[in-house]
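Next comes just one chain, in structure tokens: the form predicted alone.
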């Protein structure tokens, strides 16, 4: 009996000690706070769930910070802007906007950016949630058929835009290269019934609204900030009819709304609803009871509201011609019992439809005279030409004209370039697509037409011809004008 009692007493003491130890650990974890979110430790590794719009990944809830692996593939692919109008979109994850990324503060994100081998152009990614040079752009420049990997710590909760930042930056964004990354606070966002992902963008095409066929990007319209299409989620009608987002009476809805731009500010509004809460510009400051919220280009907002009555509610950019004439219109279809005290009238489904480009074109202005440009010395042409080269040519052809293997041909000692100066001028003016052979190697990529004046083209080509072992030809504005007029 005595031995047994001693043994039982020992077991009780051991169990008591273990409970005290566990309780201490639990209390310690509860009390542990990190003044610097960069110090939050990560717990294991997980593959990020990425979703296509209008869907969003599962909320993070109360999970611990993780090493989060994000794998994002870039695809250049043809899609439809509106019935009969085709467009070559440049995308993150195959959609416009790109895949939604959901993280929490303190995550260590390992980002894999993959440029599909069938693509024609190099790309990168600038995430506004990243604290680092270029938001990751400097570490992620990737040629077709290649992958770049970099990592970052999510330090600040909020809803952030990401986009391509390869030159010309506006063209890459304007072709659809943008998306959203959400960094939830510790413990997650408060739960709601429905969440959706919406992003506005403005598109610039050679043809007017509704002109059929494959429409190329129009740089001059983009510079003039005169879009033919302003749309939600990449094309007209992306969230209307059978593709409308849905909810039920009494449910709370949270919309993650971004604006890829590249140019226009959005006046986001839902006809027939009032936002209960708006996270201003995607941050932690909240406005209550809001009718319309401004979302800057390259910005975002989180809007939350409860739906009280059934019907079809229309989401618009309240710069209203964009909604009814350029496509910035979507639908939220709500099912449930009517409440005549709140709203007694009838709600007719589908009465708000895009009206198209219609009467929006203006007569062209003829004959704007160009200012005569004085002749430049070779030294001046080299100086100005180098500046233009670094702004417009560097990304594809690199600092020493070496190009990118298997993607973009070299300009250094280029037999193709040196053989025909008029052809070189024409390529800068009009672009080039398809297979060519340079120094015995085949390349099949895209050289976009450059929006440069005759003087700028003459200077940049003179710089190229006098660099890296080329033929030292001098190109004049008159030579460029002659090719332009052909």
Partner chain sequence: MPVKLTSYFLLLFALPWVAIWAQEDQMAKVKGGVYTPLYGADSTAVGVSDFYMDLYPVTNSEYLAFVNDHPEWKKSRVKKLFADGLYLRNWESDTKLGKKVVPNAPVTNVSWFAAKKYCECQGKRLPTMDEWEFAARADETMADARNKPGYNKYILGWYEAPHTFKNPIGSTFKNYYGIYDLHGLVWEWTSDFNSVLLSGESRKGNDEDANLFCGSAAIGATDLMNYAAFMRYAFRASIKANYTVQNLGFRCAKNVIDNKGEQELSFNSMK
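For clarity, every value in this text was computed on a predicted model and none was experimentally measured. Positions refer to the first chain, counted from 1.
Just so you know, the form predicted in complex with its partner chain exists too; it's not on screen, but the next bit is about it.
Checked against its partner chain in the predicted complex, the candidates 381, 414, 175, 95 yield a single residue with a heavy atom inside 4.5 Å, and that residue is 175.
For the candidate set 283, 134, 310, 296, a heavy atom within 4.5 Å of its partner chain in the predicted complex is found for exactly one residue, namely 134.
Here the marked residues 52, 60 and 251 all miss its partner chain in the predicted complex; none has a heavy atom within 4.5 angstroms.
Considering its partner chain in the predicted complex, the lone stretch of 191-199, 211-219, 103-111, 230-238 in range is 211-219 [heavy atom distance within 4.5 Å]. Contact annotation: residue 91 falls outside 4.5 Å of its partner chain in the predicted complex, judged by heavy atom distances. Shown alone here, residue 167 lies within 4.5 Å of its partner chain in the predicted complex, counting heavy atoms only. Interface residue remark: residue 126 is counted as part of the site for its partner chain in the predicted complex, having a heavy atom within 4.5 Å. Taking non-hydrogen atoms only, residue 277 never approaches its partner chain to within 4.5 angstroms in the predicted complex.
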